[in-house]
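In the block that follows, a single chain appears as structure tokens, in the form predicted alone.
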């Protein structure tokens, strides 16, 4: 039986897919986004977290059977609301074997993932085949800028996004709007171009940056050092509705 490491379970979530959902946060992420809102999800192993003078472990190991049982206790809520379970992180595809085993145990429940798409094509396709819905984060289309601000290039992300666009699987693209970084018309046009002809695309969500991003960093012994102006207001360029893509600004 597979085991994994998670750091939070959020019940009654309403922004992570359709209906009322249980959202599972898995630890470990291959990206180091300069604006990351969940720095406690970056490292794969449990780690100390200090809050209000008290230190506790952030993250714990759980097996697939126990996690599936934890989710299934809310089956009635999922059924009545049209909801289900969403796996996020961190980056859930870092724990692909564990994730696949949990997904198999949750057959019959609406299953979703939120992913940055940075995973092997094999693992991405394995997980994609087992979920009903995808929230796909697109940060920056230009590969050099992507590496500067996230630590990795994005060719693999674009390849997996292409697989998703061709799959017919229902999905939403989320773009965190970072002032002076990716809030340009050029980046929005390039993002829209990546989504051209996508069969299952429901909408694009633009998520405004908010300054609370750095609050958790001292709790896990990290320093928040963005090189962009946190006080700037992100520009909003709608290159999507003119291409018949529904847009939601959050």
Partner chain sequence: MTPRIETLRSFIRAEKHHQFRRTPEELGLADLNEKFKAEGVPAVERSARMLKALLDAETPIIIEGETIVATRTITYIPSIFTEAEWADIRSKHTLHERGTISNLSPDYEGIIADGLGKRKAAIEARMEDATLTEEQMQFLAAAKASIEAVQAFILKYKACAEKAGLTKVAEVLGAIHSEGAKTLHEALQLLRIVHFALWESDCYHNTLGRFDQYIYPYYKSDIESGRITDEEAFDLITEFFLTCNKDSDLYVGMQQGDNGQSLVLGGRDAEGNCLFNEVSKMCLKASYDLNLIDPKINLRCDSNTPLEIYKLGAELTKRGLGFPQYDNDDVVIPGLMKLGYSEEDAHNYVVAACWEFIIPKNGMEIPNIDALSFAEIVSEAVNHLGDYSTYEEFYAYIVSKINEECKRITSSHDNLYIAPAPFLSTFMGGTIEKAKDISEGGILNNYGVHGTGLSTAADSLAAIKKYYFEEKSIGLEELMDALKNNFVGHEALQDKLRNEAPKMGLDNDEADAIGTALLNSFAEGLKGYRNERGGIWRAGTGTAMYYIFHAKDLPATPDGRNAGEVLPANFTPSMFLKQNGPVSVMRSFAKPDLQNVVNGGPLTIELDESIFRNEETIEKLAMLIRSFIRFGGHQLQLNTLDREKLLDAKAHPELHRNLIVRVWGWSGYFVELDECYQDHIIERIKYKL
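Residue numbers count along the first chain shown, from 1. These figures come from a predicted structure and were not determined experimentally.
One more form of this protein should be noted, the form predicted in complex with its partner chain, which is absent from this view; the next part is about it.
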Contact with its partner chain in the predicted bound form for residue 9, defined as at least one heavy atom pair within 4.5 Å: yes or no? yes
So, in the predicted bound form, is residue 81 in contact with its partner chain at a 4.5 angstroms heavy atom limit? yes
Check whether residue 145 has any heavy atom within 4.5 Å of a heavy atom of its partner chain in the predicted bound form, and answer yes or no. no
Report whether the minimum heavy atom distance between residue 77 and its partner chain in the predicted bound form is within 4.5 Å. yes
Want to guess which of 85 to 93, 68 to 76, 120 to 128, 147 to 155 is within 4.5 Å of its partner chain in the predicted bound form, heavy atoms only? 68 to 76
Looking in the predicted bound form, is its partner chain within 4.5 Å of a heavy atom from each of 52, 203 and 250? yes
Which of the residues spanning 19 to 51 lie within 4.5 Å of its partner chain in the predicted bound form, based on heavy atoms? 19, 20, 51
